[in-house]
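Single chain ahead, written as structure tokens, the form predicted alone.
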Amino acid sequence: MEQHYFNHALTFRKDICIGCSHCMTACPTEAIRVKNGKAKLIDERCVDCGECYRVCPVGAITVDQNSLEEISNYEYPIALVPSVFSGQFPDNITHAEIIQSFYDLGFSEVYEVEHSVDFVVEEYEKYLQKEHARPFISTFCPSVVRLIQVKFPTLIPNLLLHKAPLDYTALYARKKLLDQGVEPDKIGVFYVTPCAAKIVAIKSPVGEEKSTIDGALNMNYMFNKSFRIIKNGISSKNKPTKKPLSKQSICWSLTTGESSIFSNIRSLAIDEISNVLEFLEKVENDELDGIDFLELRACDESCAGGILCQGNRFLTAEKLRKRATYCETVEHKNKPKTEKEFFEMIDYLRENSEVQPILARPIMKLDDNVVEAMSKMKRMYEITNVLPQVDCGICGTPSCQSFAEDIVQGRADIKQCVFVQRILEQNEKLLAVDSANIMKDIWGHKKLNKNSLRDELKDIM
């Protein structure tokens, strides 16, 4: 097990949080509790999927990100823009205008992330010939990788240890400038990210000591900057455009983007994290046979549904598929399928493509001592049988099972359960005032302030 858990891109602001518990119930790894009327994150459980960010009604969850001003620290700032970015814009704005707006923002080079996809596809096909636990599970989505580390450590051997197109494009863009004699510290590579998980993947990568990317920029913020420049009139000093992407490259970050490339094996694509969880349970329990490759994405419609995307995910996906069809029928007519420059740099890319073994960080590790862990497991089972199994969340934890775990780990008291309180009160082992104080410790004094609620209660009772 790793000694240090990675950082997180999501931050909970206590000054804004109202303790509504929306985030707690939405979290797929039960990483959130409510204490003193505020949401609290259990770091080792969080996979940065962003579901909490998506459901927070007051904007109390923020995303850590780099500032656009940081590109001024580099003489040669490079922008890596995913294809889903172009899908955010109205139909009357061209792809060329979108790319040009990044040059106007101060970037010296602009690459679409998927420029390396055709190269990656060929590498995938070679990798899948290896002796390996089946099904292969894609590592494209960082949240899924972390989900497997946290909840399904037995499936870690199934992970496809191969860099994503983002990393290859970053390597390629940097190497091109290095070959031109540019000093390494003058080059800065920035990724326009649709989600929080990829921010963490850059700042605290899994399977690598250091990312090839220097910073991550919020896609929603960059959309507003780009859109404003386009509306005000982009520069007439047009930069040379890169070669058009292939159809499979444009659709790579959408659902079925990876799985559709395999015609001779059985592959499946599953998106939205609750569906991914359900499917991983089936794989872990050996309920599925004959599947060779799994494309798993945490967001609905994959990257088009990222929490930092400006546009509607379904409309974004539609626009990208239209663009892919156009490129296939017009722009790619009589043009080679693969990006030639990537294959000219193939030795360099392969030398830097190694991914270290990914380690587990199971959340159900109750104790380092096996005997003590077994004792705690037995105690958990006993407590769970006493609890009502309604997963109401009133105790400040998302489920009765997670509440039982918190009790044996010393993070909670069984009296926090409102059903247990009522039983103790009936047996005169707990006073009503003590029950009220317990609830105040969980949900905050404001929600249970009799003076502030007295008049309101009179009106409705």
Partner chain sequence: MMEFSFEINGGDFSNAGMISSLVKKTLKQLNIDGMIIRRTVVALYEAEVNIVAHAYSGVVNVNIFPDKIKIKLTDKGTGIADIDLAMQQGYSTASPAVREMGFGAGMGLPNIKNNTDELNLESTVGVGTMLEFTNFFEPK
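Here the structure is a predicted model, which is why all the values come from computation and not from measurement. Numbering follows the first chain given and starts at 1.
Below, we turn to the form predicted together with its partner chain, even though it does not appear here.
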Exercise. Kindly indicate whether K365, D368 and V371 are, all three, within 4.5 angstroms of its partner chain in the model of the complex, using heavy atoms.
Key: yes
Practice problem: Sort through K378, K225, H132, R321 and report the residue having a heavy atom within 4.5 Å of its partner chain in the model of the complex. | Solution: K378
Quiz item: Just one of F152, F293, Y111, F89 has a heavy atom within 4.5 Å of its partner chain in the model of the complex. Which one?
Solution: F152
Quiz item: Taking the shortest heavy atom distance, is E122 within 4.5 Å of its partner chain in the model of the complex?
Solution: no
Quiz prompt | Contact of E344 with its partner chain in the model of the complex (heavy atom, 4.5 Å) | solution = no
Practice problem: Answer with yes or no whether N232 is in contact with its partner chain in the model of the complex, where contact means some heavy atom within 4.5 Å. | Solution: no
Quiz item: Is there a heavy atom of E354 lying 4.5 Å or less from a heavy atom of its partner chain in the model of the complex?
Solution: no
Practice problem: From the candidate stretches 186-194, 304-312, 144-152, 73-81, select the single one in contact with its partner chain in the model of the complex, where contact means a heavy atom within 4.5 Å. | Solution: 144-152
Quiz item: What residues of 421-448, in sequence order, lie within 4.5 Å of its partner chain in the model of the complex by heavy atom?
Solution: none
